[in-house]
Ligand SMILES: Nc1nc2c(ncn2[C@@H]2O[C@H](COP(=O)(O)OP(=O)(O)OP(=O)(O)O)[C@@H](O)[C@H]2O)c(=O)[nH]1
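Have a look below at one chain only, the form predicted alone, in structure tokens format.
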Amino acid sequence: MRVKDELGPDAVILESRRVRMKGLRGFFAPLRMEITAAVDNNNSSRSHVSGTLPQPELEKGIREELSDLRKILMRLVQREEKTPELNRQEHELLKYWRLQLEQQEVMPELIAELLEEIKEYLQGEASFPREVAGLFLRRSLRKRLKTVPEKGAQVQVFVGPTGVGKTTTLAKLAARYALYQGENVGIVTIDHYRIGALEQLRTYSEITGLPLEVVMTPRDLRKAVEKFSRCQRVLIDTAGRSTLNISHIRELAGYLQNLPPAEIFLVISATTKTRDLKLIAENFRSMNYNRLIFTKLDETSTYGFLLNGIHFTSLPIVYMTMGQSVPDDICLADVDKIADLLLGEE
């Protein structure tokens, strides 16, 4: 034993304990055994010495722990080396699609939701190709976009602000139903405020041979609808109303209260600003509209209003128009078509 080797055969162990070296190195170093010993010299005095002894059984376990710790540290280092590159790719990817949606004038809150969904879809991927992200963005858009097939409702009403193209849209659909689908169509107008609108409908009526009724009161409207009860379609044009004139909107809504079940189209121009779009959606609710038509798509290069309009109303788009030609410049709304416009792929 080292104690007797160093102090002689008369050495006596007084105390032993396990201790750790001081300092940072001591945290990783193995525990050592500290022994306090003494020796009697000529029975007159005692000497003592203290030292540390390595513990082989402890060293083995700690070496294994240190080896495991090194492996963990190496994995962390490798992950840190890769993370900045992945974050950079993700940043560039989201920046690209954010810019695309901003250029289309999609509302900021909708952009944030869409980009967050992209991040969720791509979580854990080693790379983020723009094309793959575009597919996921299209999927998210499709979930939010709403369209419906052309419905067979007999009565269809067209409401909305002034100057959005309600009368022209009605004429396009009247010709579509009569000429392309062979249906009997009756036209009713309660827009007796604008002489131009009435003359426009009379011209369409004469060209197509479709009957036209002009009504002045809610009672007259009910009679006109009854008169056209044998028609497969009864299309009702209404006077445009200022979005801010709530009393006029409510007055017009009074005409529609006693109609049979109908498709009531809120007609909105594609050139409408987002703030005004929200106001239109709110202030025309008394008209009980249940479908959307967006007009004048040929007069804009941004299409975020399509998504914004659905968001504000929670209603589907049925038709979109893109010009003045009757009856050609109108089409059924299509989710993929709208997604193409929003993603700049049209």
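Position 1 is the first residue in the sequence shown; the rest follow in order. Worth saying up front: this structure is predicted, and the values here are computed from it rather than measured.
What follows is about the form predicted in complex with this ligand, which we do not show.
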Problem - Partner contact for Gly240 in the predicted bound form: this ligand, 4.5 angstroms, heavy atom - result: yes
Practice task
Would you please decide whether Thr313 lies within 4.5 angstroms of this ligand in the predicted bound form, comparing each non-hydrogen atom pair?
Solution key: no
Exercise for the section: Although this ligand is absent from this view, report whether Gly165 comes within 4.5 Å of it in the predicted bound form, heavy atoms only. Expected result: yes
Problem - is_contact(Pro161, this ligand) in the predicted bound form, heavy atom dist at most 4.5 Å - result: yes
Exercise for the section: Name the stretch: of 180-188, 167-175, 110-118, 136-144, exactly one has residues whose heavy atoms fall within 4.5 Å of this ligand in the predicted bound form. Expected result: 167-175
Exercise for the section: Enumerate the residues of 100-116 that have a non-hydrogen atom within 4.5 Å of this ligand in the predicted bound form, in sequence order, or give none. Expected result: none
